[in-house]
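A single chain comes next, written as structure tokens; it is the form predicted alone.
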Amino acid sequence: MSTILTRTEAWRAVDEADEPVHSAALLAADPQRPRRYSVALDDLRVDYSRQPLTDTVRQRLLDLAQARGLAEQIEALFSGAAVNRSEGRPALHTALRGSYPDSREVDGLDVPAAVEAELERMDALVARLHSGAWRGYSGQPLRHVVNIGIGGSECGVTMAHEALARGDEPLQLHTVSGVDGRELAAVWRRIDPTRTLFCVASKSFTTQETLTNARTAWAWLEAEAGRPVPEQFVGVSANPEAMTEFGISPAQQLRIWDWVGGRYSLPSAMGFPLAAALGMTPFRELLAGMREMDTHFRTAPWTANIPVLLGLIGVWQITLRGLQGHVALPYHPGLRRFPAYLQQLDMESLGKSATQAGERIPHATGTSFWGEVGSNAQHSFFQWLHQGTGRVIAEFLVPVDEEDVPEAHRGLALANALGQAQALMHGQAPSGQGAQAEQRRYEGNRPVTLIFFRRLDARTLGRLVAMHEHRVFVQAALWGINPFDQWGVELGKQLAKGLLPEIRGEAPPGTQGDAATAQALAWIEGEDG
């Protein structure tokens, strides 16, 4: 029996019910549509009434989820089953925030106890930092934290810090991910070596970019102090032996586990630099928000289930209607890095072309994901959203509490978000005649989802992150793909490793790579005009 979504009876039922309808016409025919096409979790409200989705198609999509075994897959996720089938292990990121698996033991490990133990160790390290008891080699309290990581070991921390920091925290957070050394050199100019804690974050503790930066940082600090300074290094990894070999004391090692995927690791000890900068109270609030969305996803009926409905809409728009992307448009400057965070979550999880059963997929699955703060995006790519030939899901993230906004700015962000959403939905008929009139046509009917929240705080951010984690899981479940592996990222790394000796002159030219690579290297060396 084929595992391909589009070869199922349930999918054909969706296809047969779908029709080219304008979302503005649906709203005009049913003024109560925004109430019927909105779902909420406390003060987080998701309005998908601007999606050109009929009642019939929505019900067929819910039937499709049932036929694809979504309920069983959700329970498998939370119960600790090996849902990451290609790597033969569970994906228990939900356990990190207290949504414990029904099976409390995984490979003999008491998961809740292990998670809480690491949180308590983090708590102790953060308390030591904030009290001023943790001092650098000159006896000064540490006041800078440099996170050295890449991908899931950096993106979430950077995103959440930008969202939640007020600017008056006693500890400053810096991040280093690029491997060319320029980022590290720039950080050195902003920190005091006597007052800096380095956090080396790598699940495997073998990541080339991270270890290269970490070794350089170690050597720099040693040169500044005149001796090795292991007391100013913390490690976060699933590989304690490698952390010890690097020189990090076991007392300053934090643990994650193989069942924590990198892009899902923010609520684990990978979040230590965030907690170090902001404190453990906001970090635990972040976990609480995630836990609330976990419970909602697992228990809410599908007709009122935010991640389930968003996932179904994504599958319908991408696979059936051919949408070319998903754009996140936060109308809050603190969420500037949120689209980049979601980009990794979405594209690394859903960028697959084979089912878990090994069948090649003949239809679209994951798609391009990007975004920008809405007010900036209006002056860059909104023109394409309104009148371009491609179509994407446009997701607006809009805060409604403006108590910290100067009077002259009140209402501006909300007015712009609602106005742009209305324009994308309704469009505008051309006025006059001739070429210019046609150029001014707005077709409208662009798929829009509005996500409102009261204020951007740690709890809200946790809900938003978990919402998208579970939305991605729903899409993967319907497409039959594994959202927890990423085999495709490895090939380029392997080739880069092979090319490095040649680039450094340690191997003869042409040892690795193809003719195009050889020509590029020759040009760089000035040997080919």
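Don't overthink the numbering: it's just position in the shown sequence, from 1. Predicted model, so just to flag it, every value in this text is computed and none were measured.
Here the subject shifts to the form predicted in complex with 6-O-phosphono-beta-D-fructofuranose (F6P), a form of this protein not shown in this document.
* Triple contact flag L70, A91 and R298 to 6-O-phosphono-beta-D-fructofuranose (F6P) in the model of the complex, non-hydrogen atom at 4.5 angstroms -> So, no: the whole triplet misses 6-O-phosphono-beta-D-fructofuranose (F6P).
* To do: Select from the listed residues Q344, Q356, T365, Q252 the one whose heavy atoms reach within 4.5 Å of 6-O-phosphono-beta-D-fructofuranose (F6P) in the model of the complex.
  => Looking at the other structure, the residue within range turns out to be Q344.
* Heavy atom within 4.5 Å of 6-O-phosphono-beta-D-fructofuranose (F6P) in the model of the complex: which of R459, R97, R446, R263 fits that? Just give me the one. => Exactly one listed residue reaches within 4.5 Å, namely R263.
* Work out which of the listed stretches, 310-318, 446-454, 323-331, 344-352, brings a heavy atom within 4.5 angstroms of 6-O-phosphono-beta-D-fructofuranose (F6P) in the model of the complex. => Of the options given, it is 344-352.
* Given that the partner is absent here, does G151 sit within 4.5 Å of 6-O-phosphono-beta-D-fructofuranose (F6P) in the model of the complex, heavy atoms only? -> Flag for G151 set to yes.
* Any of the heavy atoms of Q232 lying within 4.5 Å of 6-O-phosphono-beta-D-fructofuranose (F6P) in the model of the complex? -> Judged by the heavy-atom cut-off of 4.5 Å, Q232 is well away from 6-O-phosphono-beta-D-fructofuranose (F6P) in the model of the complex.
* Asked: Heavy atoms within 4.5 Å of 6-O-phosphono-beta-D-fructofuranose (F6P) in the model of the complex: does S268 have any?
  -> S268 lies outside the contact set for 6-O-phosphono-beta-D-fructofuranose (F6P).
* **V489: touches 6-O-phosphono-beta-D-fructofuranose (F6P) in the model of the complex, heavy atom cutoff 4.5 angstroms** => Output for V489 is yes: heavy atoms within 4.5 Å of 6-O-phosphono-beta-D-fructofuranose (F6P).
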